[in-house]
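The form predicted on its own is given below as one chain in structure tokens.
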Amino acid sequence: MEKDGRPNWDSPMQFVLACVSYAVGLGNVWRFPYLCQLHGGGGFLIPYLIMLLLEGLPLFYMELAIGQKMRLGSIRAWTSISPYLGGLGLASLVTSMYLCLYYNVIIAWSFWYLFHSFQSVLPWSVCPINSNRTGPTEECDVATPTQYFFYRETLNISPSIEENGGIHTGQALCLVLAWAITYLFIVRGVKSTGKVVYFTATFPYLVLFIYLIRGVTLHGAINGLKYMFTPKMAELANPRAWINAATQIFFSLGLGFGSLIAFASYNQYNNNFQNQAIVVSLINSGTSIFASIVTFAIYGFKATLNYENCLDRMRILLLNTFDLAEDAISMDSVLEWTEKLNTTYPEQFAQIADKVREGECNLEKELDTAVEGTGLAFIVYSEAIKNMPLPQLWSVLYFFMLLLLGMGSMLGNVTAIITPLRDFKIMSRMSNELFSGLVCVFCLLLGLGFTTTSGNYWFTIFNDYAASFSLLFIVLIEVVAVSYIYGIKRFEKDIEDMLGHRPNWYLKIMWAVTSPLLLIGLFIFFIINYIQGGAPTYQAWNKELGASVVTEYPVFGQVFIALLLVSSISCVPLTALYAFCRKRKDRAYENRPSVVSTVSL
């Protein structure tokens, strides 16, 4: 315990592991591989690493420096810099609360899948029998078993956001479990968190390494790895590739939530956060690349399996149509025979031409199919796992890894709420156990809405709008405030006081010029993209089609999105206005002439 009564991490290693556990999350596993696939495989690494240097590392360093210098949570830290900036900390707290509400829902889904992995036959590998016991359930038959299990068994999803039903009991119980474990991890502040991160920050790497060995030995894995490591350099001319690289770095490091400021506030005053910022940033980016190698190996396996199944269907179609011997066409010669039969028997081939076109087999096309988010984590991976030998083992390992990645990030998310609130006297009078419990129960009760039949659509709203636009705004104001309100010179002296030396010219240029310009560019892009995109849409599940259908949000959904965007951003100007009015009122009170009462004798 320090002289100021603020607890500290037991060692610098605990702080590094806490930052790694927080920064390395689900986005490294399901977002970064998707962007690689979308933007030409390995070629995406070039803009990604450039953006790490121009934006990620300097801003990460800045937030750690602020937290360590002020030794306060986000609200009080920014208020100490300027009373007009207290809204920055409040905006970070609101954004972190939004994130906590829906992020633990993903952990609840992971628990659901983990519990269902302990079965002789994985439930997402086969379709359930219908009530008449005459065949598979109709919805599962038109979709796939993995889609059916996710949308019907896991979510029990409604046809649209406008149709709501009751709470899914199984999901609600999993969410309670997720919050109960989160509470146990944070109940004693950094003293309990510091112990937990040794596990949450390291075990996912063990699972990823095991998956790497398993992945590269799967049939067709080489096709996925070739796809990743054969860069399409033309994508470097695509501005969206650079924008996606910048936003991925930004969100992956967890900038703007207040978590990094909160974590750093528990450091010793002279802790060397500079080296730690470099280490954590490199580990985070290295993990994204490592996870992509594993993911592309599994992509290759799944794509090759789909490609070969397609060839086999085509082979059977040709054998039956042209009455050929069973061994006349091999898997390797299907495409050759298709051309040959089309040339030799054009009239007969014309009868099946539509089926051939619909079922055209193309390995590159299979590999080009990009999937992100829950679709990758809970459908694509489940599809691949069910086709592996010993699928139960790989399923348990995978979903346990997702749990730890999610829990590690939740430690930072909840700390970003609790730390700034505990800085206020009224909150500090409560015990850690009671206050942490109240925060967790409050978030749990609000989060139960995501376990209803329309809950996944609300989850999508929060995932898309609650912590994207607002974070760009928060970090833009942060870097402008440090560079031009607090002042680079003063910030340099603070860093020198902590580290014994001033930051180098590279960091100063990034803070003063490059990072603000990049953030302004991203901010403008998001505004233009939102305006040009028209009415916001979502993917509504259609059980008759067994597929998701693009649907426009109803009016109440669009209003809610607008409120979600404004609610956190408005904290900054409203708090500044409040500080201005209060200062003006205090000044008026000080300048009020004194009234002296005299009594004549």
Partner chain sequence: MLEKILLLLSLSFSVAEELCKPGVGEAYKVRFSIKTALGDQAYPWNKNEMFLFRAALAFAMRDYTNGEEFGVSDVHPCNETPRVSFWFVVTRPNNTELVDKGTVEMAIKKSRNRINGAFLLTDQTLEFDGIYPTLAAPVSPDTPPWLIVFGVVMGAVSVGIIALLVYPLVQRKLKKNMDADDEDSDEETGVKTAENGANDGIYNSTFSDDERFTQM
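Definition used throughout: the rigid core is the maximal C-alpha set that superposes within 1.5 Å between two forms. These figures come from a predicted structure and were not determined experimentally. Positions refer to the first chain, counted from 1.
Another form exists, predicted together with the partner chain; not displayed. Remarks below refer to it.
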- prompt: Here the chain is shown alone; which of Y183, Y84, Y211, F290 has a heavy atom within 4.5 Å of the partner chain in the model of the complex?
  reply: Y183
field: Contact assignment for the partner chain in the model of the complex, among V176, V380, L421, I352, heavy atom within 4.5 Å
entry: V176
Partner-facing stretch of 302-310, 215-223, 317-325, 382-390, counted where any non-hydrogen atom is within 4.5 angstroms of the partner chain in the model of the complex: 317-325
message: Under a 4.5 Å heavy atom criterion, is R133 part of the interface with the partner chain in the model of the complex?
response: yes
- prompt: Does M97 reach the partner chain in the model of the complex if we count a contact as any heavy atom within 4.5 Å?
  reply: no
query: Is F442 a contact residue for the partner chain in the model of the complex, using a 4.5 Å heavy atom cut-off?
result: no
- prompt: Even though the partner chain is not shown here, does L341 get within 4.5 Å of it in the model of the complex, heavy atoms only?
  reply: no
task: Any residue of 244-271 with a heavy atom within 4.5 Å of the partner chain in the model of the complex counts; write them all down in order.
output: N270
task: Answer yes if the Cα of F473 shifts by 2 angstroms or more between the shown form and the other one on a rigid-core superposition, and no otherwise.
output: no
message: If I superpose the two forms on their rigid core, does the C-alpha of T169 end up displaced by 2 Å or more between the shown form and the other one?
response: no
- prompt: For Y345, is the CA shift between the shown form and the other one at least 2 Å following rigid-core superposition?
  reply: yes
